[in-house]
Every structure is written in C-alpha cells, then in structure tokens.
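Just the one chain here, the form predicted on its own, laid out as structure tokens.
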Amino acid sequence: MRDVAKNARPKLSRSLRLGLLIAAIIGLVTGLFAWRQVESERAIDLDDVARRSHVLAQQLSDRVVHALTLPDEQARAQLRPRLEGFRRLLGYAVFRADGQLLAAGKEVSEFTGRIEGAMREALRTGKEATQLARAAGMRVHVYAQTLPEEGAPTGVLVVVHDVTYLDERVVTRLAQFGFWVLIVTLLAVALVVGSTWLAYERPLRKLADWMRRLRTENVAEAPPGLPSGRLHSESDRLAASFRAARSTGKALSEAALHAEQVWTPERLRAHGLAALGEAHQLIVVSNREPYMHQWRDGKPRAIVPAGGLVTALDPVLQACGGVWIAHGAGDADRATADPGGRLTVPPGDTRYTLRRVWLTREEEQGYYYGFSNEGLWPLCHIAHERPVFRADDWEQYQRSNRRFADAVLDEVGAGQAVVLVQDYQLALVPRMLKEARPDLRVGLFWHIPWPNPEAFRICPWGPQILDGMLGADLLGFHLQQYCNNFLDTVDRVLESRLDWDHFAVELRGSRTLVRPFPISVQPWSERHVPEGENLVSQLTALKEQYQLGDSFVAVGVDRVDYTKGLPERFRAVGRLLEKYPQYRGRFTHVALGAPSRTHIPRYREHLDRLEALADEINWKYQTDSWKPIHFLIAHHDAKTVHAFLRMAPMGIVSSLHDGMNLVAKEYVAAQTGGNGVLILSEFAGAARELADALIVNPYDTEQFAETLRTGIEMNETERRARMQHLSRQVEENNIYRWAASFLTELGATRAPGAEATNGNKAVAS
C-alpha cells in the first residue's frame, strides 16, 4: 500500500500542477476583466457626477451672472446663502474673470487652492472643465463653467462634490469580483483535477495494472477503456502479440520434439520473424474478413465466413501476429469495432488485429458482386459461365482497391512492413502500394486459377489488371500450370521483359517473381473442436437430428457456387441409387452448403436449381426413415464442419474448376482414424498433390457413380493405406509450411544481389 501511495503522489501532483496552471490563467484573465469592468463602472459614476454638476450650475447661473455685475461686497452678500452644499455636494465657488475668488461655500473655502486648476482650464478654453483632486482627506470632483455661456466670460462658477464614496464602491466591487473569481478558480481547479484524473490518470493506472496482470497472469480480458482510441487499439495489438509470443515460448520445448519436416505455429513464428527482417510488421489484406459479426437476438455474434482463404490465413496471423485488413461486411461489424474500424481477434484469445474497411453499398455492388464475381471469377474458372464486364463496375473496382491500399498505408505509417495481398478482388493494390511506398515488400497470392492468354484477353481492362498485379515483388499461384499461363498472358498483353529461367517479369524497372505455392490447412487439433466424449456426443446428436442411422455417409462442404460441381454430384448420387438399388437406405450424402453471393441473380438461380434437383432425387428414392441427400444450406461453424468430416467415411470434392479446394485437405486432416475415402475432382488443384484420392471427372456421371461405388466397397486395408499417404502429405505440407515458403521467397526478393530462387527449396532445407 505504501508503494501504491508513493506512486500515486506524483500522478496527483501532475493533476494539481495542471489545475493550478489553468487556475492561474483563469484568475489572471478574470482579474483583468474585473478590473476593466470596475474602472468602466467608475467612469460611468464620475460621468453621472459631472452631469449632475452641470445641472446644478445651470440652476444657479442666472444669479451668479447678475452678482458678477455688482461690487464684491454686494455680490458676496447676495451669493453666500446660495453657495452652501448638502450631502455629497460640498458647495460652490465663484471667481471673477481675472481668477480672483469672489465667494465660496464654507466647506469649499477650506481648499479653494485645490480647485483653481479646473477654474483656470475653463477660463483658458472657454468651455466647462472637470478635475479630480484630493483635499481635507477626501477625494473631490471639481466642475468649472464660465459665465455667461455666450460672449466674453465675466466669471467662473465651480461646483464641488465629495466622491470618496466612489472609491469605496470600487473597493466593494473589487472585493465582490475577487470572491467570485476565487469561487470560479476553485471550481476550475476541482474540475480540471477531477476530469484529468478520471479521463486520463485513472485509465492509465488501470492500463498499467492490466499490463502487469497480462505480464504475470496472462489475463484474457481486453485492455480497460482508454481516453485515446488509438492507444486502446495499440494496447490490443500489444496484448495480441504478447500472447502469441508467450504461446510460442511455452511451446518451444514441445516444438523441438516434432519431426523436422512438420511445421508448427511456433516454428513459423520464429521463421517468420527472421524472414521479415527489419520489417517486423506483417499485414494481410483481403476482401473477406476472418471474423464477421452479425446481430443474433439483439446481440452481435462472431462467425467465421466460409472459404479457403480464411481457413488458410487465420492460423498464419495467429502464429505471427500482425494486422488483417478486410471489408467489414457483417451487419454488426461497426458495433464491434473501434472508431478506426479495429478490433483484436480471435474472440476470447486475441492474437492479431483486424482492421475493417467500410465500403458503400454502391461500391460493394460494383467492385465485389459486379467486376470481381461476375467478371473475373467466371473469366478465371472454366465452368462455362460467360463473364460480364461493365464500365461502372470497373470504376468501383478501382475505387475500392484504392480504399484497401489507403488502409494499408495508414496501418504501416512511416514504418516498414511486409504486405500479403490476397486474391483477385485486390489485383490493383500491389501497384498502388508500390507507387506510394516503393520500400514496402509486397506479395500477392492468387487463390483461383489463372486462365490461358486467349481467355484472359476477354477482359477489357486486362492490361491494367496485369500492371496492378506486377506491382508485387512476389506473385504466387497454387500450381505451376497457373504460373505458366500467367507468364504467357503477360507476354501476349504487355510490353515487358520475361525471365523464363527464373520465372520473373521485369516491368518499368521493377521485378516480380512468379512462383507456385500450393496452399494447405491448419491441423484440426489447433482449432478448439470437440474431442473424445464431447465429440462422440456431438456425432450422436447430429445422426439423430438428421436420421442418418447406420447409413454410409458421404460428406461435401462447399460454398454454393456453380464452380463446385454440386449438380453433377447430386446426379451421380441419383445414378448410383438407380444403378445399384442395394445402396438405397444404406448410403446418404450430406452436402453442407454455405450461401454465397446471393445478390447476383446467377447464384440465386443456381441455389434454386440445386434445391429442386435434391428434392427430385429425394422424392424418387426416399423412404419414411431415410433420404439420400441432405442439402443443409447455412453458414456452418467449424465445430459442425469438423463433426461431419469426422463422421463421414467418404468425403467428396467435385469442383468443375478450382485453384486448390481446401475442403479436400480438411477432410484428410479430420480423418485421424485413417479409415476414410476421398473422392476428388481432377479439375481441383488439390488433385495434383493428393494422388491417393479417387480422382474423378465430375462431368462424367457414369464414372462418378462408379467411383462412389468403388469408395463404398473399398476394403479397409486399401482405405487405410491411401489415407495414410494422404495424411502424411497434408501434415507435412500444412499451412505453416506454405506461409514460411511464401515469406522466405518474399524476403529473398529484397536481398541485395540475391538471385531469385525457389522458396520451397529454401524452406525444405
């Protein structure tokens, strides 16, 4: 307690010093104002005395003018009774034109020498004159007026008032003002000291206490309310980085026990810091945010949006810390972020900062739903959907990309950073960043396929898209085939220099490396999903809820998108049941469908057709206690997805064209028992890595149905052998290895004199 009091005293004295400084300023200002006010009122009082003297002189002037025509003795005899005063009027005095005193009242005659100055001034100027003088221990006001008012003066009439009361009034007024100045000053001191303590010093003491508990107890709560939103945001970031670092430190001994080829969050963090070098800040920028808040029953609820990008990058940021900049699309996103759009995530175990970018509805419609998903998405996916390009959408795409680039520059400030730009929605951001800050290290990862040059040239703004992408130091795709297509496209569209030996492009003095980085997933053991008895209870509940019984379950997890091959999969299920009736009642397909881009008519129509197709197949084959297809349309959380993946002895990925498709790897990662079968489309990028899956052409309904039958009937020995190979592939080439490869290659782009080399080789070593 003594230490606390000792520490508290200097903080309180700072508040008092600030309060006293402000009080002194207030006292000085109000004191000057009070003095000016009192002097103004005193001048008004003196002016009133002068006017009263003038009136009194006018009343007596006729008698004085007459008396001045008489000899001195007669004049005195006539004037003397009229020259005495009363109360504050001391009396009158009459002088002849030569300055000689003719007559004066009794009290005035005692100090006639004091009033001659005003008399002589009146004679000199021919006008009335006033004077303040001190006589007989009092302050007097002297008023002199020549008579007659017109013509040559024959004398001067002097009116004398006692104005000592005016000085007393000044003192009284100053005392009153001083009292109120003191009251106001004391109130100001109390207000300043109190508000400073409550608004700044008290929150800062709480912050210090929170930081102490964070250091010693690793508390999970957010920092206390602070007077500065920026300070609160930075405290959140500091806590997130500290927790990530502490988690790394605690697990270092465990990490040492892992096989050298297995990448972990701890190993990535250590490797990432080395790869970042002096640019310690890591910034990821994407359209989709990793955590979205939506209103549920009047309260904001955090959900994880569907998609491989979030699945892949969230564990990277949790391991390395940093900032994720993304579009705030949730209806409760603004309510859960600070005024700058920032918050720390994940909820309950904060590791990094999420910075939300706010787009208008018009910008979102043109940039995201229009140019990105009605133009670039079908352009890059060979799924027989015609791309649509509109000039208005292109303008919104440019404007929105500028929004994201400005947010990155705001977060970087004057410091150094490594920026990882994600996917086709932000193709222009790398060039924008480099034009503003050439010293930034910028990488762009393209999560979808890259088409051949002939297909890409459909885009009216293709050269601008390529130029924006080539602002990056490193450009990553999933497959070498996409890298080849990209370089062929640049060769056809832009005037640039291609270095095919090192897979690089030189454009306007800058150099961009183009590399394949097959993306992967995070182990399910790190995602806080149920295990053991809790998992068994969850699986039992799901089977009862959907009446799955002892059916052989085949699961699919997809966004509802025309590239995912859902109609082809449903038709294959129908064909299986038609061709092999023995599987009716024994085989069930559970399709977890996350609604996506429902603002686009093509997607709404696709969803309607899928529901109709599922209903048609179910109506044809279902019984009272069983139906072949459960099409579950919702944003399913990670626990539900994991439960279905663990439950199902078969996983199906039927993409018509996919950059990678991480659902295939998610299914493999969930099969800890090693007894599942993966059916994988040959048109998904994952098929290049997961060779032990059953590869299928989703367009070939007969082959698809036969592959389903093969998976159902496969013996346990073969299933386990295949899944063992798949599991080893996914475990060794996980998301941490992908991030380390990308950061290593990106770091090498800035090394002086370093030749471009394959980042995968550097990491593997």
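From 1 onward, residues are counted along the sequence shown. This structure is a prediction, so every number in the text was calculated from the model and none was measured.
The form predicted together with a small molecule is left out here; the points below concern that form.
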- Message: Contact check in the predicted complex: Tyr368, Trp377 and Ile448 versus the small molecule, with a cutoff of 4.5 Å between any heavy atoms. Do all three pass?
- Response: yes
- Item | Interface membership of Asp423, the small molecule in the predicted complex, 4.5 Å heavy atom rule | yes
- Query: Is Gln281 one of the residues lying within 4.5 Å of the small molecule in the predicted complex, judged by heavy atom distances?
  - Reply: no
- Message: Does any part of Arg597 reach within 4.5 Å of the small molecule in the predicted complex? Heavy atoms only, please.
- Response: yes
- Query: So, in the predicted complex, is Arg559 in contact with the small molecule at a 4.5 angstroms heavy atom limit?
  - Reply: yes
- Message: Just to be sure I understand the contacts: of Arg288, Lys627, Arg437, Arg342, which is the one whose heavy atoms reach within 4.5 angstroms of the small molecule in the predicted complex?
- Response: Arg288
- Note on the structure: Assert contact residue (the small molecule, in the predicted complex, non-hydrogen atom within 4.5 Å, options Gly308, Gly105, Pro387, Gly574) equals Gly308
- Item | Which of 125-133, 93-101, 317-325, 589-597 sits within 4.5 Å of the small molecule in the predicted complex, heavy atom basis | 589-597
